[in-house]
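First, one chain by itself in structure tokens, the form predicted on its own.
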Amino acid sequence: MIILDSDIGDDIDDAFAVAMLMHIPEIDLIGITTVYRNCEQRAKIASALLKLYNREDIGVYAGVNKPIKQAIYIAPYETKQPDGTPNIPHYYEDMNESVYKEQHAVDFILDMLEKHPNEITLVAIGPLTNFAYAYMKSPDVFKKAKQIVFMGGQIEGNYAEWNIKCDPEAAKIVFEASVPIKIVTLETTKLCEFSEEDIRFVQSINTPQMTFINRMFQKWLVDNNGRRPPIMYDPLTVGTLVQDFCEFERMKVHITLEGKERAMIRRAKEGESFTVMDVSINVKHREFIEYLKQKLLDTKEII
């Protein structure tokens, strides 16, 4: 069983990750929780997508909007509501009628962990804020998670990866929560980029589900304006649950919260605090991209 915690609606890869999950019968997705900035709009995006896949049995739960300490990032092309809440780029007016569960994401996570101890993998493809609040609310229950699989961090070099940068305090709390952690790093995920041929292939799929996603994809391409190719960070992270696309190394990882290295992670030096975790160090990137494309193309009966 897995719970997927997502910041769907900014980058396009979250939507591709959800779509891929709909075609992996060996994964039991018991819920989607949303995190960061405007969880309500994100929850409606996820709910609308699940409806197209006839998976309204999977609950969607809105979570924590604001990081523990870090200021929220807003892109120049984004708009805000009167109270300052940013609108999610891939949220459209026709998603207004989408519904999500009333229960808060943090409470849903804890309830499921209490009900299914040591059976649930928490998969984070956004900032770790929801998981941190779940731990702070009930440490003993949170420790009943089987493992955490997280897309985040860059081990080599001096760079603060986005999912940690958005809430470094949350990342540190989760890293130190005594739950086994596997991280799929920026170094490996960034190799999983779409070529122009891949983009054309995906945009040619005209199922109702992919028509929905491709509308968001087109907006992403316009907003990105050629600054980088689409990179499948989050689908790769989900893919590691079922196939050995990545090679992992167990290492001692240190996270910094202060100074110029704030939000950066790296191999721990002698005397530093650390968390032992499995870290991706290599990836079969083309093999994964072809796997993803075939899952998106799958027109068999939706599971």
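As the structure is a computational prediction, the values presented were derived from the model and not from experiment. In this text, residue numbers run from 1 along the sequence as written.
A second form of this protein, the form predicted in complex with a small molecule, is not displayed here; the remarks below concern that form.
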*asked:* Given that the small molecule is not shown alongside this chain, does residue 109 nevertheless sit within 4.5 Å of it in the predicted complex, heavy atom to heavy atom?
replied: no
*Is there any non-hydrogen atom of residue 192 lying within 4.5 Å of the small molecule in the predicted complex?*
no
*Classify residue 167 as contacting or not contacting the small molecule in the predicted complex by the rule of any non-hydrogen atom within 4.5 angstroms, answering yes or no.*
no
_Any non-hydrogen atom of residue 209 within 4.5 angstroms of the small molecule in the predicted complex_ = no
*Which single stretch, out of 128 to 136, 67 to 75, 84 to 92, 159 to 167, brings residue heavy atoms within 4.5 Å of the small molecule in the predicted complex?*
159 to 167
*Which of 186, 122, 213, 113 has a heavy atom within 4.5 Å of the small molecule in the predicted complex?*
186
